[in-house]
Each structure stands twice: as C-alpha cells, then as structure tokens.
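Next comes just one chain, in structure tokens: the form predicted on its own.
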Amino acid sequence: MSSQKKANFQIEAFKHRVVVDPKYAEKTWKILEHAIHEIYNHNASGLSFEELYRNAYNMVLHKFGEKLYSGLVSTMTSHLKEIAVSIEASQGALFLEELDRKWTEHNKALQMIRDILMYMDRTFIPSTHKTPVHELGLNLWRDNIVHTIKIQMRLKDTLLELVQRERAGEVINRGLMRNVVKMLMDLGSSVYQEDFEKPFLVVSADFYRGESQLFIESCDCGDYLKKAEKRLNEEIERVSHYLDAKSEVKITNVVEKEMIESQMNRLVHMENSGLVNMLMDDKYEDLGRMYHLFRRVPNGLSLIRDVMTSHIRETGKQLVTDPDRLKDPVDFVQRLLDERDKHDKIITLSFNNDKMFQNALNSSFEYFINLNTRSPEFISLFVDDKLRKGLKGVSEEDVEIVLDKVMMLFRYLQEKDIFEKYYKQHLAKRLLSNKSVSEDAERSLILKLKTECGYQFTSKLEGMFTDMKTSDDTMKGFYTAMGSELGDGPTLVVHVLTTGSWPTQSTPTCHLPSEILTVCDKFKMYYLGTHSGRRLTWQTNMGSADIKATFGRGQKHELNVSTFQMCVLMLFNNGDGLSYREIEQATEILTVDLKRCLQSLACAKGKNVLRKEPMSKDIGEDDTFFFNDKFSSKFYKVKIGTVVAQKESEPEKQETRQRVEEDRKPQIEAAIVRIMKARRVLDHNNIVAEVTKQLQSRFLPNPVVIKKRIESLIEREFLERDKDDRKLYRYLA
C-alpha cells in the first residue's frame, strides 16, 4: 500500500496597497497641532472634534503614531512653559489663584486632547509602553510648572504660611487651599508628600514644640489639656477640609508627640493641678480629657494608672492606719465605701470603664484594706450596724446595693475566715435579741457569701437560722405539754442552739433567781424527755428578759434587760441597799461582766434604775448600790443596754485571733494531705505554693505554720521525708 503525501497550505495576508501622500503625516499633524493651540487658547468651539479624531486615527493607522506622540509632547511643553511664566509673574495672594486657574484650564484642555487622541491612547500607547495622554499631561505640568525652581519653593512656602496663619486664628481661603493641595495629590502621592506633606510635618513639629513649651509654663494642667485637645481637633478638621486623608495620622502623631508625649510626666505631676489634684477634686471632665489624650500616646494610660494607684494606696493607707478613724468601725468602713464609690465614678465617667483602671483600683484596695488586721472585724460590725438599724425603712433595691458594696470589700480581705468568725458572733447576737431589721436581708447576704466562698463557708450560718425556727416549734410543744404545770410563773422563751453552728463560748457562771430556775428545770426535763442523747447547757450571757418594776409614787415600767441585769435587779426585791461584794456573791457573775452590767444599770443617764455610792462613772469593788425610787421615764417600756465596747478589746482580739489560728490548723493539714495524695512526691516550696493557692479564698496561710503542720503530719505518719533529699516529702497511703 503506497503512502500519501501531505500537502502543506499557507495562507498569506491580503496585501492592500494604499498610496499615501509623502507629506500626509506633516499635513495631518499641522491640523492637529493647530487644534491643540486653539484648545489652549480657549478657541475650541470652532473645532470639529469628529474630524480631528479621524485625522489622529489615520495617523496611527498609517504608522505615524510616534510623530503624533512626540509632536503632542513638544506642543504641550511649549504651552506649559508659557503658562509657567504667567504664574511666576503673579504677585502675592494672586499666585495661588493664578496657579489654580491655570491648573483648571490645563485639565479641561487635557480632557479635549485626550478625546481627540483616544485611538492613539488605546492602541499605539499600550503597544509601545508610552505614558497615556492624561498621565503625560500631569507629568508635563509637574515638570514644567510645579517643579520649576521659581514656583516649587514659592508654592511650598505659600501653603505653609497659609496653614500657619490659620493656626494663628486668621480666616483663609480653604477652597483655594483644597484645590491646590488636590492638584499636588493628582500629580502623584510622591509629589504631595515631597513638595508639601514632609515640610508641613517638620514645620508643624517645630510650631507645636514651641507652643507646648509656652503653654506648660503659663497654664495649669486642665487648661493645657484643653488647648492640646483644641489643637488636635483643629488639625483633624484641617485634614478633612483640604489635606489628604492619609495625612491625618501623621499630623495627629506630631501633635500627640510634641504636646502630649513630651510633656505628659510634667502634666501628671503638675503642682496644685496635676492628676492627683484632679482625682481629689473629682474633675471628671479634665480627667476624661486626660484619658482620651494620653491613650493616644505610648505608655500614656500606664502613667495615669501608676500615679492613680500610688495616690489611692497612699490615701487608703492613711485611712486604715489613722488611730482616730479606728475609734468608729462603722465610720471606718463607710469611708472605705465612699472612697471606692468616688473612684468607681471617676473610672466610669472619665476613664471609659477601662479594665486597666478597674484592676488597678481593685489591687489598691486589696493592698491597703489588709494593712489593718481589724478590717474583717470592722466590716462585720458595719454589716451588723446596717442589719440592726441602718437599713430600716430602706427599699429592697437599696438594701441589695449596700450588701453588694459590703461583698466587694469582703472580696478584698485576705483573712476571710476572721470575718466569718466575727460575722457569726454578730449574727448570733442579732438573732437571739431579735434585732435584725430584715430576715430577707440576712439570708440575701448569706447567699452572696455562699456564692463567693462555697457551701462550707455558710453552712453553720444557715444552721443558726434553722435552730431559730426549730426553737419556735420546741417552745410551742413545751407550752402545750407543760402549760398547766407552769401556772402564773415567768414566761420562758428558750433558743436551743446546736453547739457546732453557733460561736463557741465558755459557759459563764450565773446564779439564776429561784423563780426562773424552776421554769428552766421544767423546760430541761421536757426537752430531754423528747430528745434522747442530748445535753443542755444554759448560755446565760446570751439571754435577755422583760421585767416589771414599780418605782416611787407607784410609777410602773417594763424594763428590757439582759439575763445578768435581771439577776442583779431581782436581788433588790429583798433589800434596798447591796454592796458590790454582796451582789457578786449572790449572782456569781464574772467580775468583768458584772461591772459592765452594774455600770449600765447605775451610770447610764436616763436608764439608771439603780443608784450607787459614791457616784462615779466607773464601778469600784467598794461601791454600794440602791434601788432608785426616783427613776422616771416618759416611756413605759425602757430598754437598758449593757455597756459594751462595740469593737473587741485587745485581750478579746488576741483570744479571737488564737481561736482562728487553731481553726486554721486542720484546714492547712487537710490541704497538704489532698495535695500529697494527688502528687505522691513533692518538694517543700511546691507544697507551700499549692497550699497557699488552695486556701487563699479563705485566708493566706503563713509558710511557717505550713512547715509546722507538715512536721505534725510526718510525726503522725501521713508523710515522710525522702532519705536522700530532706526537702522532698512522700505521701504514705
């Protein structure tokens, strides 16, 4: 089979020979050149743009694009040189106006020329990588007008002078400025930056450097900040009116650096008007201005925070260590709350609720509240005051606000267990004397403490409320069962308190009157008969009594007294005058309690149902007491309170502290065992760190105490020391 040969076909372009007049290019260019001259001379109305477009089209088509392009460059250049002379000749303020007018005309001319040469712009220019007509026009304007020696410097100086005059308060032609600056921007960002922006920023820096120096010497801090803010806003406004939007960041940086950053240390510490004075005088507006200006510069807010922290700590330290302030615990805590409210308001109104400042405030309060070891006791006394009388007639919402403020202070305490100790004592007194203003408020605070510290913290407090409720039911049962046997004897109300839930106190001795003792014994018999395996101990120091008394001229009163006071007063049914020694022997009340008791009965003005000889404020062991026949009061019911220090005396304080330290030991040991059980082997420093971390929600354990508890656990064989490394402990299962 023979192979076929492949035929190769070639298609050639159709050759159409157009005979062109040798002078065609020259003639056509002359027509176009004339048109360009006419356009620049404002005689464009007589031109036929369609014809001119066709001529330009044909020149490009007939490969005369190069001639057309070079002719355009030379023609435009010659016109622009003439325009440059005209602009240079303009005097004073007319310079910018002439420049602006000629620029506008050039743009119009350029648009017309671009329309005529559209075909060249679309075909010839891209293929030869030349500059498009519009861009060419801008470049030629730049090189022949803006960058000529005479115009370039004059333009820069004129623009900067106008800005300077505007800063000095003069009104300038912003429209003209906008047009000229826009021209520089149209010529390219580098032209705008090199010919105007860079020198503008340099001059501005010099101006604001000088002005800040002038202001800092003559103004106080508040006025300086107002002026700085005004200048900053002026520059932002200036940018929006006639500068490139990108210039805003650059010029505001200049103002910030020269007017704020360079002077911020001096401003903050300015005598009589700096940050501390603003904080003390609640200058919310000035503080807000400082915050918003300083946040614009590096480390500005950190500086405010550090100075504020230092001031709050110093103020707080004076507050909690001033001996005069410690005389009134309620006033002490109220001042802390006022201080907190004051700075909270500043942070909210002036510092935009900034977390940085809230954290600084919290750390400052935590620092100085814990400088005073009595803070937990005082906060509990404040709560006690509020829940006894301070919140009477106050709405639920306001009660919650007060309780939330108390909780805020409570969170700062490092020794929360000490607060718990005092709170339990104060709550017990409120419940037993029925002096709480609102059970809802009491329960609300316990719920808040529970949320904050967990069930373990409040379980005993909740147990106290349970006991009060159970006691009411017990009393109803007692009177139902024993009512007929009691006859007309004294009415007894007993609160049965669970030993673990209530504050532990040594049972004080007190010899009750026989009338009372009879009823007490009957109650004891009833209670132990209904509850097996229990033991009752009378807490006479925690009781109260209502007794009826008849004074001179048959005047009758009902006296509300403590159990101790009742025991003393009942003695006077059998005799008018009794010596201190006789009373002490008959009642067997401890000396310190008896003296307080007698002081309140004989020395309190308006409540002195007894009189003593010799008359003095203090009780002496040689004093004699008489029933005061002349006692009178406009009230039928008279409450006689016991003279007692609101806050603990030094020995009581020491005793409470010792009890707290004892309570902490098992908690520390439990934490050590928990940690070691999980980790098995751990070195001393890590145990201390872990124990501190676990217990810090209740108290900050002392490393020395932790070491002693570890020793105790080693003795009881919960842990052992490593044989090789004495600082390493092992858990013994």
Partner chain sequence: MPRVSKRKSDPVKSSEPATKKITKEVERIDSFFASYANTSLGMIDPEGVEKLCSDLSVEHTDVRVLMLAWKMNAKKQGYFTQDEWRTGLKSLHADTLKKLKKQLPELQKEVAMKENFEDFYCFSFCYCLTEDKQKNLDIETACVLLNLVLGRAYNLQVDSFIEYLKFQKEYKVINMDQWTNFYRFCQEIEFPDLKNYDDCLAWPIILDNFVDWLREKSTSA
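Positions refer to the first chain, counted from 1. Note that the coordinates shown come from a computational prediction; the quantities given were computed from them, not determined experimentally.
Unshown form predicted in complex with its partner chain; subsequent notes refer to it.
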{"query": "Non-hydrogen atom contact V704 with its partner chain in the predicted complex at 4.5 angstroms", "finding": "yes"}
{"query": "K723, heavy atom within 4.5 angstroms of its partner chain in the predicted complex", "finding": "yes"}
{"query": "Its partner chain contact in the predicted complex: H34, any heavy atom under 4.5 Å", "finding": "no"}
{"query": "Touches its partner chain in the predicted complex: A25 (any heavy atom, 4.5 Å)", "finding": "no"}
{"query": "Contact residue in the predicted complex, from R54, H684, K67, R679 (heavy atom within 4.5 Å of its partner chain)", "finding": "H684"}
{"query": "Contact assignment for its partner chain in the predicted complex, among K30, K708, R674, K63, heavy atom within 4.5 Å", "finding": "K708"}
